[in-house]
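We give structure tokens for two forms of one protein chain below, kept apart as structure 1 and structure 2.
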Structure 1
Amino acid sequence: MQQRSLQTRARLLDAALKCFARQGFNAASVESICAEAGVSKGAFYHHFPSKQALFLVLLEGWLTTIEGSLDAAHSERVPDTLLEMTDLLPLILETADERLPMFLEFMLQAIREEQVWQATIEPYHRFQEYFAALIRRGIAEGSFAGVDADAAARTLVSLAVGLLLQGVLDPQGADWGETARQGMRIFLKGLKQDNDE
């Protein structure tokens, strides 16, 4: 039956997430993943052509989740929408906490492999455009000064990336949710439509 097959696949994905989170992409061996899943190596390679392939499935899934939760934020005006998204950060950070390290480790390796790299960087470009569009809307509705939307979006993404990275690398270092809120306030004020230069 394909019932069992699907379940095996799901168990492998689950187990892999746990192992990768605990030990990182390289350190987590295929064997340990199989053990965690209560499944054999044969099953593993039946469902996934390689360790890398399984990993990309996890990555894709996570990004989809994030985009989904970002889409949930919908205030009337763009600045409020952005602030609303900022409030989601602790939630994202919670899932990032276990995932980001392994994904970063993976990306760091992927840099050297053109093939994999394209697949990895592409969804990230989507974020860039997503925010650029949002900021353009903000400019159109008069919330923001007429700055370069793309540059502003990149700045925003940089801020987010930096916050996420630090939140993961140094969780004790600060209240990163609060830092995000403050940072966003500064950013918004910097973009605000008003008076002198």
Structure 2
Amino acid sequence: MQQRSLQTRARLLDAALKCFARQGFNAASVESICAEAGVSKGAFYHHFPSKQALFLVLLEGWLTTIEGSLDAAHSERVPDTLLEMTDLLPLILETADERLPMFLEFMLQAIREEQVWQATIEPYHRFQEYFAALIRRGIAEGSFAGVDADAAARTLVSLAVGLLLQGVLDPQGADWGETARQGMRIFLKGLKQDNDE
């Protein structure tokens, strides 16, 4: 019985991902998600109290996958760790399939709904804190000049989000993995400069 319940929940998540990506959050109905999953509305509400709750589970799963990938990048020196992380972008773009349009949906819903904004902004803060700590470690090891680690971390997160957005909107427009590596090298070069100002 437990296994069947887990399978139903997984089917609902997969169906919602497809429906949200195809139709957008507002247009995708509980009925269309249930039809895609081949389950009843009762089964839907057994697993999720609302369409928004299901949406937030998808968001959390996507962010957890990214965080797990970041945690896997560990080189001895911080610049090497950051360069290693650029290899994640092509992997995210290649394996994301229906999740790519969901990235845009997450952003749109964060603008429109307080609960989604809270669920979205909290991981951004975690990412910024993670990168700020990494940059401070780079300063301590002598890899970087004495920069404002928080400002550098916000810039790094902005670079990552911008590259992901471009990859979603124009997947054939560039080799986004190479663009990420070049962008990171430029960023790292800036961090290595002496701060005369």
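The term rigid core refers to the most C-alpha atoms you can superpose between the two forms while keeping them within 1.5 Å. For numbering, take structure 1's sequence and count from 1. What you see is a predicted model, and the numbers here were worked out from it, not measured in a lab.
As for origin, structure 1 is the form predicted in complex with the DNA and structure 2 is not. Here M85 does not count as shifted, since its C-alpha moves by less than 2 Å between structure 1 and structure 2 after the core is aligned. In the core-superposed comparison between structure 1 and structure 2, R181 has its Cα shifted by less than 2 Å.
After superposing the rigid core, the Cα of S75 is displaced by less than 2 Å between structure 1 and structure 2. Once the two forms are overlaid on the core, Q109 shows a Cα shift of 3.2 Å between structure 1 and structure 2.
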